[in-house]
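Just the one chain here, the form predicted alone, laid out as structure tokens.
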């Protein structure tokens, strides 16, 4: 709770500063002595600073606090299935510099990491930031992560097992480095800088090429016993359904993800059920992706609309299951499929409402994430920011 209170106070200063301690206490529903203790700590770590005096209400003019945005910076690296993004941001979440490249071949992992390190070096040079002003680097990637060892235990997307991607980054930059799962990073980013900043208990569901999720309560990620919590994409909805990359059959991801929609679109073309999907892909069967199926559906293609309806139904069922099981105050939808349009999102919400248990989750709000394609990289950087807020002395000594 102490960590959550610190995060909440920092968010209020970041969003509403310059602001005095009495106003912070009011907004955070905390006592003034508690706020004074927290602000004294973060003032000492130079995360916030005094910018002047406010108006007097009869006594001394109160000090006004604001986030410090020109001393420390953080690097976020998102190694995604199709593209890798690297950015530098300040403590307010303002992106200073950013570059993206195609991820390309992921094996051997060492070769990919050489390219990632080069990209990161260029982003640092672009930003003109001294290494002395960098707090650290957050790295995120799909798959199951061993946080203690800094290894990717298993990534179906990349074909990785027990891969060390942390050591090369540490050796290159000589900075604190944290590794985590990309879905958890998206949730972290939305908590610190996005739609969930005022939520105390939410689930972030990433519906893109694959489907994954993360659970966050009181500013902390729920990881489960072995760190694999949130794998909603691999709950079985059809026992004899399509084969999933995880090796199971009928997973939500195999039925309703972007890659599932693309696969069903190619099948529809091969079976002669849709010519429009192929036309949208420039008559290249291998080029059919989810966006071509959505485009055909918008023009009334029957096969494409059936594919999209199936995806809407299964995603809605998955969300209803989360609502029934966890009863969060918010479900945040992130990922590429959220760009498919309002109708797609509205249909998912409709199915979720129809499928959730009567009176269950009656207060839950379903919202679309705010950070877009930068979410995972911003979340990766936010991991370092969070660690700095919790233990700034440790981070500073590690640099």
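Numbering follows the first chain given and starts at 1. Here the structure is a predicted model, which is why all the values come from computation and not from measurement.
Keep in mind that the form predicted in complex with another copy of the chain is missing from the display, and what follows is about it.
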Give a yes or no for residue 283: in the predicted complex, does one of its heavy atoms lie within 4.5 Å of a heavy atom belonging to another copy of the chain? no
Proximity of residue 106 to another copy of the chain in the predicted complex, heavy atoms at 4.5 Å: no
Quick check on residue 157: any heavy atom within 4.5 Å of another copy of the chain in the predicted complex? no
Do residue 102 and another copy of the chain share at least one heavy atom pair within 4.5 Å in the predicted complex? no
Here the chain appears without its partner; judged in the predicted complex, the stretch of 109-117, 188-196, 268-276, 313-321 with heavy atoms within 4.5 Å of another copy of the chain is 313-321
Can you work out which of 219, 93, 227, 127 has a heavy atom no more than 4.5 Å from another copy of the chain in the predicted complex? 227
Picking from 175, 262, 235, 178, the single residue whose non-hydrogen atoms come within 4.5 angstroms of another copy of the chain in the predicted complex is 235
Which residues from 337-364 come close to another copy of the chain in the predicted complex, meaning a heavy atom within 4.5 Å? 354, 355, 356, 357, 358, 359, 360, 361, 362, 363
